[in-house]
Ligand code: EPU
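Take a look at this single chain in structure tokens; it is the form predicted alone.
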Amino acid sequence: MTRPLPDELLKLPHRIEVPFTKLTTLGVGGVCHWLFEPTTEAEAQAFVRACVRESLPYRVLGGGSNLVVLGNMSMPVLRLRFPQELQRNGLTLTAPASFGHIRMAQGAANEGLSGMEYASGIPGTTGGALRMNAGAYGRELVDILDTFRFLTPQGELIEKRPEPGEFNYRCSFLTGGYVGLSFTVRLAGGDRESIQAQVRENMGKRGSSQPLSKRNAGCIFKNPPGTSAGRLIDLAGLKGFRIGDAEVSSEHANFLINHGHATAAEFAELMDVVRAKVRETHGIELEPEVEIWHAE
């Protein structure tokens, strides 16, 4: 039995009983009982403030590409559905949090703006990229981040520049009820064709080294200092190890793939096995890079 929600929340755009198989790239999990999809910043702010008044916890969902859901979710889930527009102002480019991350990198290239080429192989939304300080090839979002807009857990709307300590390796302070709304990056002018070629090259690298033909959630574990999680998992002999329809990819060991009918329980067990084996083999404790939602 899910908790009844106040009328002020139910006036906002929402859907009920949405399977997480349709909301995540991994395609496992139970049901999202309440999915709220604001189309404006004002609606998003109304959602947060209503939840605060009702002492109602909630979760924030982006593109679902860095997420493993282990069960049903009875608390409200917020997923922004803002207008899909990029705004250029000189050498800066602004995107709403619901904009595709790869699409933004491609948009920058099409504008002849350099600096986002690293992001051309990173799926999900720009909001997720902000939340996780997404990166690749030695670059990360904070390197080019100019300003960003967000809601605090109390529903206050803030726009600011990044400060030291706010964004670190695959993490930021935007957790626990914070809602990223948009961000602006400062880029450099360049040759459009050369930038587009680099974007295509990065996309090709991703396609040749990652199991894109199977449902996955991206890299599951963070890279420990001085090494890579994929290498540790590979050396532990786990490539191809499978529990039901959940498997350690034979292409890239830090990807766990869904062969089509994997359950949340199978993925939870597989992650536990991988961490235990790497701990036993290398004495290293792997830390999840993906966000994990347990049943609520």
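As the structure is a computational prediction, the values presented were derived from the model and not from experiment. The numbering used is simple: start at 1 and walk along the sequence shown.
Below: the form predicted in complex with this ligand, not depicted.
Although the partner is absent here, Tyr137 lies within 4.5 Å of this ligand in the predicted complex, judged by heavy atoms. Not displayed here, this ligand is approached by Gly230 to within 4.5 Å at the level of heavy atoms in the predicted complex.
Heavy atoms of Glu289 reach within 4.5 Å of this ligand in the predicted complex, making it an interface residue. Residue contact check for Phe150: none of its heavy atoms lie within 4.5 Å of this ligand in the predicted complex.
Although this ligand is omitted here, in the predicted complex none of Lys11, Glu37 and Tyr58 has a heavy atom within 4.5 Å of it.
With the partner omitted from this view, the residue of Thr94, Asn223, Ser172, Gln106 that lies near this ligand in the predicted complex is Asn223 [heavy atom within 4.5 Å]. In terms of contact with this ligand in the predicted complex, the residue from Gln210, Thr184, Ser114, Ser74 that brings a heavy atom within 4.5 Å is Gln210. Residues of just one listed stretch (26 to 34, 247 to 255, 262 to 270, 41 to 49) have heavy atoms within 4.5 Å of this ligand in the predicted complex: 247 to 255.
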